[in-house]
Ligand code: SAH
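First comes one chain, alone, set out as C-alpha cells in the form predicted on its own.
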C-alpha cells in the first residue's frame, strides 16, 4: 500500500480545485453530485443515524454531503486535499449558518491522529481518484470506532458505466466535468468489498444507485452495473495508542 504522502494524484487535486467556483451550482459541472446527494444522505441516515453522531467525510470536496449531514444534527468533520474546494465549503457553510469543521488532510494522515475517533466515516466518489484505493479504505477503517459504520460510493467498471457516466454525463450532457472519470480507475464492487474485508470490515449492504443523467432522477436499485453504495461495519479491535 502507498504511504499517505504518495496516495494523492496532483492532477486530480488541480482538476477539482480549478472547478471550486461551481461546487454549489445545482445546474453546473457538479449537477450529478447535487442530483445523487439526497439519496446518499438518506442511505447513511437510514442505516447509521446522524443526529448526535461524530462523522468524518473523507474527500468532502465543496461540502455537499458534509453540510447535508450537519443539517441532520451530526457533528461533522470534512477533509480534502484541494484547498480551493475547502474554501468553497467553508464559505457556503458560513453563509448558511451550518457548522462543519473542514481540514486539509488525507485519510492516511488523519488516521495517525484520530484513529477510532468517529461513529461514521463516509467516503463518496473518492476511491476512483487515488493511486492506491486499498490504502484509502484501510485508512478509513482505522478512523471508525469499533462498531462504527463506513460508507463508500463509487462507479463500477462496466460498459454501462462507461456509456452513461463518462460518455453521456461528461461528453454529451456535460453535467460532469470532462475527464473527471477514467475508466481503468473505476472500481468493481467485489474489489471494494475485498479491500474492506482486508481492513477488518464486515459488509452490511451493497446497493446500486440508478442515476439517469438525462433527467437527473436517482434512486437505489438492485443493479450495481453503474453507480453503487456500500456499507461496512467496523469490527476491528480498539486501536492501541502510544505516547
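Positions refer to the first chain, counted from 1. Every value quoted in this text rests on a predicted model; they were computed, and no experiment measured them.
Keep in mind that the form predicted in complex with S-adenosyl-L-homocysteine (SAH) is missing from the display, and what follows is about it.
>> Given a 4.5 Å cut-off on heavy atoms, tell me which of 125-133, 93-101, 155-163, 69-77 is the interface stretch with S-adenosyl-L-homocysteine (SAH) in the predicted complex.
In response: Going by heavy atoms within 4.5 Å, the stretch is 125-133.
> Would 13, 61 and 82 all count as contacting S-adenosyl-L-homocysteine (SAH) in the predicted complex, using a 4.5 Å heavy atom cut-off?
Replying inline: Yes, the whole trio is in contact, each within 4.5 Å by some heavy atom.
>> Given that S-adenosyl-L-homocysteine (SAH) is not shown alongside this chain, does residue 87 nevertheless sit within 4.5 Å of it in the predicted complex, heavy atom to heavy atom?
In response: Although S-adenosyl-L-homocysteine (SAH) is absent here, residue 87 would stay clear of it in the predicted complex, with no heavy atoms inside 4.5 Å.
> Taking heavy atoms and a 4.5 Å cut-off, does residue 149 contact S-adenosyl-L-homocysteine (SAH) in the predicted complex?
Replying inline: Residue-level check for residue 149: no, no contact with S-adenosyl-L-homocysteine (SAH).
> So, in the predicted complex, is residue 33 in contact with S-adenosyl-L-homocysteine (SAH) at a 4.5 angstroms heavy atom limit?
Replying inline: Residue 33: yes, in contact with S-adenosyl-L-homocysteine (SAH) in the predicted complex.
>> Whether residue 228 contacts S-adenosyl-L-homocysteine (SAH) in the predicted complex should be assessed with a 4.5 Å heavy atom distance threshold; does it?
In response: Because no heavy atom of residue 228 falls inside 4.5 Å of S-adenosyl-L-homocysteine (SAH) in the predicted complex, the answer is no.
>> Under the 4.5 Å heavy atom criterion, name the residues of 87-108 that approach S-adenosyl-L-homocysteine (SAH) in the predicted complex, in sequence order.
In response: If the 4.5 Å heavy-atom criterion is applied to S-adenosyl-L-homocysteine (SAH) in the predicted complex, 87-108 yields 105, 106.
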